[in-house]
Ligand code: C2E
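Listed next as structure tokens is one chain, alone, in the form predicted on its own.
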Amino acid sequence: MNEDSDADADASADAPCDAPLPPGRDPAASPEVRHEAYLVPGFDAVARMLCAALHVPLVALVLVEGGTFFFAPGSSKLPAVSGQLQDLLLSAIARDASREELDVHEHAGAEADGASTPLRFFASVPVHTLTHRHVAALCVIDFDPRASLSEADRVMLADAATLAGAAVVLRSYIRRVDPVTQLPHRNAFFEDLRARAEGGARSLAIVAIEVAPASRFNAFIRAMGHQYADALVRLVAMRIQEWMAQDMCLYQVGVTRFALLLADTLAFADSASFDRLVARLREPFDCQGIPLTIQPGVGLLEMPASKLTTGDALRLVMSASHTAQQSVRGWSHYEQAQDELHQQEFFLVTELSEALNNPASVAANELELHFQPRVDLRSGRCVAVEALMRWHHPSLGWVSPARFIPLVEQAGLMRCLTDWVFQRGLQQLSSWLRDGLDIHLSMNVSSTDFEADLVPRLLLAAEHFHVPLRYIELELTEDTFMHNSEAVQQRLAQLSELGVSIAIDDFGTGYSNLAYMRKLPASTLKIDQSFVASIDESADDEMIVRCIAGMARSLGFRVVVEGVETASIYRTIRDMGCDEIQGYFIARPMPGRDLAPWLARFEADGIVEGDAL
């Protein structure tokens, strides 16, 4: 019922009401009783069940944020709320623990003036949200003496508190308030944005603030729990509010995202103000006694109200905040080109996921493996090929692996990609071996996919295509070896015992710890091409390659040099005592069907010291 219908209340109706308990109230005065349309959604049903099951005449729900809701079945009026009952209710909400009072005696003064019915029984239980945040206390009250609650009664009261917790959160959303920060939430943001646009505003200015990258915020939760993460978000909100001008309105539009509506779009010109906001957010937070820093991103968007749809506004400004997180300055204006790039990356990941997981899809035909030969410098023979993934997109053309591989890792698709390479690569190797080609296949494995079942997955694929394991080499970058070293060494040792060769890829760009590498069951070390590209012009690069090659060979590694693009680089590398070379000077990566014809020509002509192929 609402305020206008109080006079029409039936005497036999259940009576819920919201009675605030302000600090410093007059203990002898009863708070004003007022009725609302919805109170806490579902509270009346929960309270009615409690009254029937526990045989009590009164139930109360006290909110941490303020306000108390009573439920008295069978009456439209509540007993007067005495000072002692208020004390009990305030005490219940102040402590996050259950409580039971079996023989409560009213103050003599309260009984004498007839202000209330003597209270004899009071029990309360804390109410939490699903993330265990304390939001209320659920209380049952009786005016007759009674024995302690039974175990079944306590279970009933705890279950009712669980339902009440969900109702309190729902009430927050209905009232446009986020339950964690008590800020207006995303729906409120959309409503207010629409109201401004429809109210004749010529342009709208929005600021979006990303607290931290999702992976880092999830790390906070894994390490410290949801209560800690909620506390951190509240601290961030407080810092933003300290920076805000009075005419700004702050909303929580996501777990780690805030948005601001600016009344004055000229504020966008004050770059120093946004520098101060970023600097403030980058200062360490003392969250529950633990200092930490976040990686904020502040995005700015200003557009004519007539061109800004409420649904798209938040996405556009969050695109800017995501870009800002990766920048030194920490804030940036919305740029359409950057937004289109983010959208394109999303669709690329979606299409790539379809191609990897559905071999019968149209997208699957866009993926293929190309193979780049590796040549032994002593014999001049092609002894191995490296499998390299290629993607020919119908509208974008050839998409570089440097672009889509990071997207694959971010999207959690690396396992699918590795399995796809195993299947396609070993199928092709099996065909070459049947045709009499004596060639080894090298395949890259990401550190993110070097998990417990990678070995059986490789063995299963090799068995399926009848490929002897001695023809297989796996290339792993240095970070794979350095992280989770004990588990990695066990898997590497298992692969080595089975006959699979191990190569250290892109050596020189990571840890470059030869003392550690010599303990690993790796047989090949590949020097990264970044040192080779300028080897003719840079004496330092030449010395680096020469030193790495010398030390690696002294430790028993077979040394492969990548990025040999010209005859000049080839001659320089040839005189360093390296074992193999790979690069455009020998051959570009090619489809599997082209390798046999290429090998026939190469065996006939050998290495020709002319232009790169």
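In case it trips you up, residue 1 is the first one in the sequence shown, and so on. What you see is a predicted model, and the numbers here were worked out from it, not measured in a lab.
Below, we refer to the form predicted in complex with the ligand, which is not included among the displayed structures.
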Checklist entry - Does any heavy atom of V421 come within 4.5 Å of a heavy atom of the ligand in the predicted bound form? => result yes
Next on the checklist: So in the predicted bound form, is the ligand close enough to Q343 to count as touching (4.5 Å, heavy atoms)?
Outcome noted: no
Checklist entry - Any chance S400 has a heavy atom within 4.5 Å of the ligand in the predicted bound form? => result yes
Checklist entry - Do M244 and the ligand share at least one heavy atom pair within 4.5 Å in the predicted bound form? => result no
Item to check | Of N444, S332, S501, T480, the one that lies within 4.5 Å of the ligand in the predicted bound form (heavy atoms) | outcome: N444
Checklist entry - Which listed residue (Q227, Q529, S353, Q489) meets the criterion of a heavy atom within 4.5 Å of the ligand in the predicted bound form? => result Q529
Next on the checklist: Partner absent here, but in the predicted bound form, which of 45 to 53, 550 to 558, 581 to 589, 60 to 68 has residues with a heavy atom within 4.5 Å of the ligand?
Outcome noted: 581 to 589
Next on the checklist: Need the contact residues for 402 to 428: heavy atom within 4.5 Å of the ligand in the predicted bound form, sequence order, or none if there are none.
Outcome noted: A402, I405, M414, L417, V421
